[in-house]
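Next up: just one chain, as structure tokens, the form predicted alone.
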Amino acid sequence: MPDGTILDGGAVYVYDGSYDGLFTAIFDAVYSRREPEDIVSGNRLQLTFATRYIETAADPAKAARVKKAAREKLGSQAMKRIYHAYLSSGEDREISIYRYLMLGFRMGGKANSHLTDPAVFRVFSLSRNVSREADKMMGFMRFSVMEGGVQYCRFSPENNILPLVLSHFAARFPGIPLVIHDTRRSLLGIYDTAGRYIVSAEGYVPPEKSSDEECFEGLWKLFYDTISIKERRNLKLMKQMMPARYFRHVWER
């Protein structure tokens, strides 16, 4: 990697939102020696007067070079942390990742424990938030058996954790086709037992539930109504055990 000397003024780098696109933008910033004021995906871009914008097209070869250098300097655990930070909803995630990497290229693995640096602390915080949400969601998500045998689940996470939960459930149920629907971002995570894909959910209409699924849901609701004691319902405690934002995708009572 270059020595990091800045030869020109700053600019806002605009990328396509992909992981390779982000690392391509970082590559271009490093090798042009033009310090980024920010790095943003095109769908979040807000043009302002007198700001220089540089558009970058995702280049897997460039991205691979930066990833390889980062892994050698910071280690594989740091790369996992960076990926989780990239999946977060934090508006400053890209520029924080860039600054973390620049520190890592200068300091090596010591940067991972340099939590007094704002960028390092921010990447750690974003990564932790993503990991925690993914862990909680994987415990609360419920699949329904649809016509054709496909298992379908919808959720609306705060962070873009669809790649993480799709990988988890595909590994847990390797022989079962899955569709996970992120309604917040209008994305589908699809596992067809041969591969995993993330595609747009625009225009997607879920298949009908299977007759067995309708029967089992009815039995569960009957069971719940039978054992439930109305006078002992404690909504405050329920919200402590399961935050209200998870309620919308649990079977309605």
Partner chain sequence: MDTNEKLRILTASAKFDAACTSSGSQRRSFKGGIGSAVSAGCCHAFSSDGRCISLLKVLYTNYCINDCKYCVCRRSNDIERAAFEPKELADLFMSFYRRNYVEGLFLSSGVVKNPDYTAERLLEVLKILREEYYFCGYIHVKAIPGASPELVRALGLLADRMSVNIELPSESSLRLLAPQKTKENVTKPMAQIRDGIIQRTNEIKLFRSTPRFVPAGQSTQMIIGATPDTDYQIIRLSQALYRTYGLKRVFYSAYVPVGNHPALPKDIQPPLLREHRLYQADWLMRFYGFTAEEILSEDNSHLDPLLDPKAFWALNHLDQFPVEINTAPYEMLLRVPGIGVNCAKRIAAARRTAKLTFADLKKLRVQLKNSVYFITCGGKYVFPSYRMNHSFIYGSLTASSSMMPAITEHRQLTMNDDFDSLTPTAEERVKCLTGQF
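The structure presented is a predicted model; accordingly, all values stated were derived computationally and were not measured. Residue numbers count along the first chain shown, from 1. Note that the rigid core is defined as the largest set of C-alphas that superpose within 1.5 Å between two forms.
There is another form of this protein, the form predicted together with the partner chain, and it is not shown here; the text below is about that form.
Between the partner chain and the residues Tyr53, Tyr31, Trp220, Tyr204, the one pair within 4.5 Å by heavy atoms in the model of the complex involves Trp220. At a distance threshold of 4.5 angstroms between non-hydrogen atoms, Met79 is out of contact with the partner chain in the model of the complex. Using a 4.5 Å cutoff between non-hydrogen atoms, Ser228 counts as a contact of the partner chain in the model of the complex.
In the model of the complex, the partner chain sits within 4.5 Å of a heavy atom belonging to Ser113. Interface residue remark: Phe105 is not counted as part of the site for the partner chain in the model of the complex, having no heavy atom within 4.5 Å. For the three marked residues, Val14, Ile95 and Ala119, no heavy atom of any sits within 4.5 Å of the partner chain in the model of the complex.
The stretch that touches the partner chain in the model of the complex, counting heavy atoms within 4.5 Å, is 146-154, out of 87-95, 179-187, 71-79, 146-154. Residues of 131-151 lying near the partner chain in the model of the complex, listed in sequence order, are Asp135, Met138, Gly139, Phe140, Met141, Arg142, Phe143, Val145, Gly149, Gln151, the criterion being any heavy atom within 4.5 Å. After superposing the rigid core, the C-alpha of Arg33 moves by less than 2 Å between the shown form and the other one.
Core-aligned CA deviation for Ser18 between the shown form and the other one: less than 2 Å. With the core held fixed, Asp225 shows a CA shift of 2 Å or greater between the shown form and the other one.
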